[in-house]
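First, one chain by itself: the form predicted on its own, in structure tokens.
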Amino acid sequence: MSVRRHPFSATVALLVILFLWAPLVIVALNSVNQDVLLATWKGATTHWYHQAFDNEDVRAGLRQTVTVAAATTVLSLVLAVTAALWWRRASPRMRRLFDGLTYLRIMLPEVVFAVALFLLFSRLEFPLGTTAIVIGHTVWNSAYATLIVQARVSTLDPALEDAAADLGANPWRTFRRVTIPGLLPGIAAAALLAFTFSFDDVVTSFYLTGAGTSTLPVVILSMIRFRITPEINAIGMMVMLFTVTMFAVGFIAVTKLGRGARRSLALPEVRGE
């Protein structure tokens, strides 16, 4: 039986796709437009990309963003892996409580967490800046990382770890040679998500930023308060290309790790030394 085509549905889908991609196309065109006012098209140029690279505030914001994103990713993965392994052996009641607290961090608006952390740090006289931003991003991103690692943990067969122990492997060797290889695809996906979310975050970074510690999204936000320039479009285009590249690399890594994880779980390799 053939599926009937509905022109109305196809038209709506096409309009939605155009609506989603049109702003990105406009940003790409404006990033190479010679017209400073962006009123008309006056030819292509790469001058705005060079100007963005020469902007010290942009370079400092990029360094700050990468530092925060890297630290946030590491902390989120440590919390996610630890929590997921605990969740696997917890009682059903504790599992439900843990899942509720994890989903609550995702459901509540980010601005609520940002304001709450800002008030908490102010009450504790904790200095705003890089450390505060990393803590804020970790509170938010570790929830997503936990769900991804949790899903991977639920697919692991406990019999593999029991068999490794029967073969003489100690707990650390079992964890290193059996558990971690099985979790690698989930860890890679969680790392990609945490890094990307932290790299693009505006709300938490805006509330917790300190003097001289503005991340790149906060720098862009401060630049667009006056007017939109081709330089801002160039910066946005570079951020978009970086995000797409990260996604592509992460997808390839997760695919290869998923294949390698199945091959690395050979039990003779975990025999005690």
Partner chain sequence: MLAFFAVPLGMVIVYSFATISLVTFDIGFGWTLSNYRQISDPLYLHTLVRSVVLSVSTTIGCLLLGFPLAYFISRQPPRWQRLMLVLVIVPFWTSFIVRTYAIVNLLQNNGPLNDALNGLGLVHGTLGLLYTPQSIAIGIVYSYLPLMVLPIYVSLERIDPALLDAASDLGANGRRAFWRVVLPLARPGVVVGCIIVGIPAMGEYVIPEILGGGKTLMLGNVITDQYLSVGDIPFGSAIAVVLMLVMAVALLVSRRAGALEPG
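All of these numbers come straight from a predicted model, not from anything done at the bench. Positions refer to the first chain, counted from 1.
Separately, the form predicted together with the partner chain exists; it is not shown, and the next lines address it.
K.L.:
Let me know the one among Ile180, Leu119, Ala90, Ala151 whose heavy atoms come within 4.5 Å of the partner chain in the model of the complex, would you?
P.N.:
In short, Leu119.
K.L.:
Report yes if any heavy atom of Leu221 sits within 4.5 Å of a heavy atom of the partner chain in the model of the complex; otherwise report no.
P.N.:
Contact with the partner chain, yes.
K.L.:
At the 4.5 Å heavy atom threshold, is Trp41 in contact with the partner chain in the model of the complex?
P.N.:
No - in the model of the complex, heavy atoms of Trp41 and the partner chain never come within 4.5 Å of each other.
K.L.:
How about Thr255: is it within 4.5 Å of the partner chain in the model of the complex, going by heavy atoms?
P.N.:
Outside the cut-off, so no.
K.L.:
Hey, in the model of the complex, does Phe206 get a heavy atom within 4.5 angstroms of the partner chain?
P.N.:
Yes, Phe206 is a contact residue.
K.L.:
Counting only heavy atoms and a 4.5 Å cutoff, which of 153-161, 166-174, 180-188, 104-112 contacts the partner chain in the model of the complex?
P.N.:
Residues of 104-112 come within 4.5 Å of the partner.
K.L.:
Non-hydrogen atoms within 4.5 angstroms of the partner chain in the model of the complex: do Thr45, His47 and Leu147 all have one?
P.N.:
No: none of Thr45, His47 and Leu147 comes within 4.5 Å of the partner chain in the model of the complex.
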